[in-house]
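In structure tokens, the next block holds one chain alone, the form predicted on its own.
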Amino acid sequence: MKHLKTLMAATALTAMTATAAVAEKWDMPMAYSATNFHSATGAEFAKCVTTGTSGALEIVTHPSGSLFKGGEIKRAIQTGQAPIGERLLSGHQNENALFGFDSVPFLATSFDDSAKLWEAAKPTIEKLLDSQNLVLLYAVPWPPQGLYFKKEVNSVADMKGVKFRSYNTATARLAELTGMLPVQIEAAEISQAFATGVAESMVSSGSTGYDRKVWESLTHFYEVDAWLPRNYVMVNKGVWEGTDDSVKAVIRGCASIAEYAGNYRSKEYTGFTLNGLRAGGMTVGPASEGLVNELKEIGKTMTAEWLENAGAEGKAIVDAFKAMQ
């Protein structure tokens, strides 16, 4: 908490030097519902910047893919259609395998390991984003990923033919290797997809299922702790370079507070949302030992494929992470 108080004090002090001579507004597209903890953290970040700069810069969030759909957000910021926004980092894995570092199955399966993996990967990701006209502000992990189904599943064989909601390259590949049928569906469309039978399963956190009330269509959530993907907030590089230094300092301070708060929320939200799924009538618990072992074998295949696609930089991230263990 001392760290948080120091950041808040520094941000408040810097705010005193921020000029409000020319008020500016940044629209911030976000893919997830307003009630999702990532969106709530983003809204507080926006308020922090607006207040901290005395209105010199107002950030307005647009959750639920209302301004741009999830898959459109990064491109919109790169091209200047929006100055700032949030997106799932591994959602860009089809562009560059390095973006999928946090979706390598069973590499980092806890919050502590997720933090270490991010420490190992962050310099590489920042450099990659910089080459794409983007500046990283902060990143927050989702809770551990588990499997959702509308039936009991005890083995990979039970998954064959199931329509599976995918959200990145890794999830699509997981579907293929388990005999499921991948269907690309954005977070804002999950409820409708399950209600209409377009999808019957997904790998996601308890948070996503709770926010979208998936118990209305699904029956089982299996805790497999496959990985902890990250959302990140980025800003257009040209916009950032054209921003006054005093305003930049406030943004950085608010970003640090948001990352701290987002990490805390993610941890606290894990148990809360799993209890929420239970209250909705779902069966929630660990997957069977047999299923976990089968998934880990599939994970080995996916890890080897990712390392091949990510090359020397990907191997360096994994090696740096393992050196922290």
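Residue positions are given as counts along the sequence shown, with the first one as 1. The model shown is predicted, which means the values in this text are computed figures rather than measured ones.
This protein has a second form, the form predicted together with a small molecule, left out of what is shown; the following refers to that one.
Answer option from 218, 199, 88, 226, heavy atom within 4.5 Å of the small molecule in the predicted complex | Spelling it out, the residue with a heavy atom inside the cut-off is 88.
Let me know the one among 93, 236, 114, 208 whose heavy atoms come within 4.5 Å of the small molecule in the predicted complex, would you?
-> The option sitting close enough to the partner is 208.
In the predicted complex, does each residue in the set 32, 142 and 167 place a non-hydrogen atom within 4.5 angstroms of the small molecule?
-> The answer is yes; 32, 142 and 167 each reach the small molecule.
Taking heavy atoms and a 4.5 Å cut-off, does residue 187 contact the small molecule in the predicted complex?
-> Yes.
At the 4.5 Å heavy atom threshold, is residue 204 in contact with the small molecule in the predicted complex?
-> Residue 204: yes, in contact with the small molecule in the predicted complex.
Tell me which of 173-181, 127-135, 243-251, 142-150 has residues with heavy atoms within 4.5 angstroms of the small molecule in the predicted complex?
-> Heavy atoms within 4.5 Å of the small molecule in the predicted complex occur in 142-150.
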